[in-house]
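The chain below stands alone and is given in structure tokens; this is the form predicted on its own.
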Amino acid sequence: MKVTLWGTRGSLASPGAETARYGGNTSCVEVRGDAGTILVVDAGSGIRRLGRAVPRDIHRLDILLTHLHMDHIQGLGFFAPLYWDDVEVHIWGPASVTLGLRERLQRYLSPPLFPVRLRDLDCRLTLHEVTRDEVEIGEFHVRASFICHPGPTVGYRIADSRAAVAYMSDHEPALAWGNGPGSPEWTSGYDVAEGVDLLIHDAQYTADEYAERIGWGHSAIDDTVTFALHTGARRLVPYHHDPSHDDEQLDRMTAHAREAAASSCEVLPGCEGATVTI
């Protein structure tokens, strides 16, 4: 499978640079299988660029939403395949305790926030409320699990016959750790990330920043590395960058993560446009 980062939640260009190396779009990742199955994980502004790369002869696309905060769905209405009348689009995501997934998405895809209503999209649209059950989508086995972030939020494990990737863009496992990670059954997201070949995980803060933002639903880079080592992930992509961080800051955070992980886990920079083959 190939995993491409189309949005990393944005960063600032370093002084003197014209563009940001780590990217300027919000969360969106593509997982493409060897047999052609395409999964889109989150629908931030990066999904617009992904839409231009989708083959026009595709018959089905699946969009896996982790949660419905605006930075994760703001690109949905600009995703070109939603307006193709010969394609099936399946959107998966969590309901809330009071509203189903359709009602939640309609709050965004309707006036005054958006001119096109969910019911008016041209594609053959099907919505699925995620559960803990594993589902088969093309060549992939997909499992969701609720994780620690404000509001109903899930992480995804996507596997084929050879490899597995876990995606937890907004996650704060350290909130219940105390002096360190506990047993697997008490670690948020452990079941999604255990032994994966690639872990894409929230790493929004430095340690000092996190100390003032505990409970906001995001991770310090040190806790991200600790989680990766605790779950036995082979490779880690720090993700969901703080938009106030510039490329130089993110370079330092990536270098810090590599030093902390040592030889136990390979750390790859979370740059928009990067593709990882696993």
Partner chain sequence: MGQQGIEVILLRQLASYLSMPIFIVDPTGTLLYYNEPAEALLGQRFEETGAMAQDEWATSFRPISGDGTPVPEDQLPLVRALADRHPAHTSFWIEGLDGVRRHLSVTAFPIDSQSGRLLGAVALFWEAAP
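Values in this document were obtained by computation on a predicted structure and should not be read as measured data. Numbering follows the first chain given and starts at 1.
Below, we refer to the form predicted in complex with its partner chain, which is not included among the displayed structures.
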| query | finding |
| --- | --- |
| Whether 75, 103 and 126 all lie within 4.5 angstroms of its partner chain in the predicted bound form by heavy atom | no |
| Exercise: residue 190 in contact with its partner chain in the predicted bound form, heavy atom 4.5 Å | yes |
| Non-hydrogen atom contact residue 206 with its partner chain in the predicted bound form at 4.5 angstroms | no |
| Partner contact for residue 81 in the predicted bound form: its partner chain, 4.5 angstroms, heavy atom | no |
| Contact of residue 175 with its partner chain in the predicted bound form (heavy atom, 4.5 Å) | yes |
| Contacting member of 164, 148, 144, 87, with respect to its partner chain in the predicted bound form [4.5 Å, heavy atom] | 148 |
| Listed range touching its partner chain, judged in the predicted bound form by heavy atoms within 4.5 Å, from 155 to 163, 197 to 205, 111 to 119, 181 to 189 | 181 to 189 |
| Its partner chain in the predicted bound form - contacting residues of 62 to 95, heavy atom within 4.5 Å | 95 |
